[in-house]
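Below, in structure tokens: the form predicted alone, a single chain.
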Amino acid sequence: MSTLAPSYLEYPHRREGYDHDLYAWSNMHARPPVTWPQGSVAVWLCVSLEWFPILPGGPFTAPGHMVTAYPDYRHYTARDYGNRVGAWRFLDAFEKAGVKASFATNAAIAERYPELVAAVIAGGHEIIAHSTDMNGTIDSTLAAEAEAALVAEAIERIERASGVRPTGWLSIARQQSFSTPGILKEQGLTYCCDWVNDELPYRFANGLINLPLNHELSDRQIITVQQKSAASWAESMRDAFDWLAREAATSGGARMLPIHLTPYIMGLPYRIAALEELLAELTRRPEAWFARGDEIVGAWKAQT
């Protein structure tokens, strides 16, 4: 029986933390505590406004994309329901609760649904760039020049259609290449939401900030993937908030609860009440600070 050569186990980048230099290793509990303008738990509502071309494209198929033989009208129109109906229910729910949110928006949405994007902006909500459309995916098979062109196109089209230039970026499926942090910084963006390995913002080595948008706290993961009810989703959000509030009280430092929402999932008539009830409950909690992504980044940045 042969054995592996000792060199097989040698890895020049092995060290404490990571095998890259994109950002420094950092345990959350070991950092200096931060505080929010109010409360101890920043509740960040992030809504995905997505336009799915009826034919998938790009280096991989985005979550939620068409799945049956072309033309897949069932899934195409189900996704379109979110922009025609569900997103408007979200806006009503946010207004009723008196909270602001971030809307991660495809450039195609800004162009194809101008009334919706205008209502988002009029409501005081934030627009985050969410690529060109749901075929605007990124991975390391995409040349850096092509990726930079994709990011620039998305930002420019959103700004041209809405009058607002985003400062944040959410990749399709939170997928990046090795070049993405540098490209986002070069395009003048302040933060991205793709890396989910924390519960507070942190900086990349180039100064770009990551605002973690944990996929485990999304309606897609809990309701669509795990097949749980809207009530179970809301219970999970309450449990997460309670834990973070207790942890903040114990540690003396602030925490963040990202709640990722999808209009064609949570905006259905038998689910939207669970969202409204959750918002009503959390807005009564003294520990809660409902804030847009750029507000959370700004408050954190001022202390670090």
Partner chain sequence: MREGASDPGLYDYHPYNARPRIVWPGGKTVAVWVAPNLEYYEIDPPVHPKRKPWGRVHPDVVGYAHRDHSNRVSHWRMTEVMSRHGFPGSVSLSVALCQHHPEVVADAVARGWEFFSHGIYNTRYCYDMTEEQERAIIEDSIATVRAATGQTIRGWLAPALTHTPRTLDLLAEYGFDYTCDLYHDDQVQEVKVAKGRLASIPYSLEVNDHYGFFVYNMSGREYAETLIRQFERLASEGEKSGTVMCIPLHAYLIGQPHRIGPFEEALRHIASDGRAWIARAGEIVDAWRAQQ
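Positions refer to the first chain, counted from 1. Under this definition, the rigid core comprises the largest set of C-alpha atoms superposing within 1.5 Å between the forms. Treat the numbers as computed from the prediction; the structure is a model and nothing was measured.
The discussion below concerns the form predicted in complex with the partner chain, not included here.
Engineer: Of the residues 244, 274, 66, 265, which one places a heavy atom within 4.5 Å of the partner chain in the model of the complex?
Structural biologist: Contact residue from the list: 244.
Engineer: Tell me, out of 177, 162, 167, 135, which residue has a non-hydrogen atom within 4.5 angstroms of the partner chain in the model of the complex.
Structural biologist: By the 4.5 Å heavy-atom cutoff, the listed residue in contact is 177.
Engineer: Each of 92, 283 and 304 near the partner chain in the model of the complex, meaning some heavy atom within 4.5 Å?
Structural biologist: Heavy-atom distance to the partner chain in the model of the complex: none of the three under 4.5 Å.
Engineer: Heavy atoms within 4.5 Å of the partner chain in the model of the complex: which of the stretches 33-41, 48-56, 266-274, 234-242 has them?
Structural biologist: One stretch meets the cut-off, namely 234-242.
Engineer: Would residue 249 count as touching the partner chain in the model of the complex under a 4.5 Å heavy atom rule?
Structural biologist: Residue-level check for residue 249: no, no contact with the partner chain.
Engineer: Report yes if any heavy atom of residue 118 sits within 4.5 Å of a heavy atom of the partner chain in the model of the complex; otherwise report no.
Structural biologist: No, residue 118 stays farther than 4.5 Å from the partner chain in the model of the complex.
Engineer: Can any non-hydrogen atom of residue 215 be found within 4.5 angstroms of the partner chain in the model of the complex?
Structural biologist: Contact with the partner chain, yes.
Engineer: Even though the partner isn't displayed, in the model of the complex is residue 187 close enough to the partner chain, meaning a heavy atom within 4.5 Å?
Structural biologist: Close contact is absent here: in the model of the complex, residue 187 is far from the partner chain, nothing within 4.5 Å, heavy atoms only.
Engineer: Quick one: name the residues from 176-212 with any non-hydrogen atom within 4.5 angstroms of the partner chain in the model of the complex.
Structural biologist: Going through 176-212 in order - heavy atoms within 4.5 Å of the partner chain in the model of the complex - the hits are 176, 177, 178, 194, 195, 196, 197, 198, 199, 202.
Engineer: Please check if residue 19 moves between this form and the one not shown, taking a CA shift of 2 Å or more relative to the superposed core as movement.
Structural biologist: Comparing the forms between this form and the one not shown, which are aligned on their rigid core, residue 19 does not shift its C-alpha by 2 Å or more.
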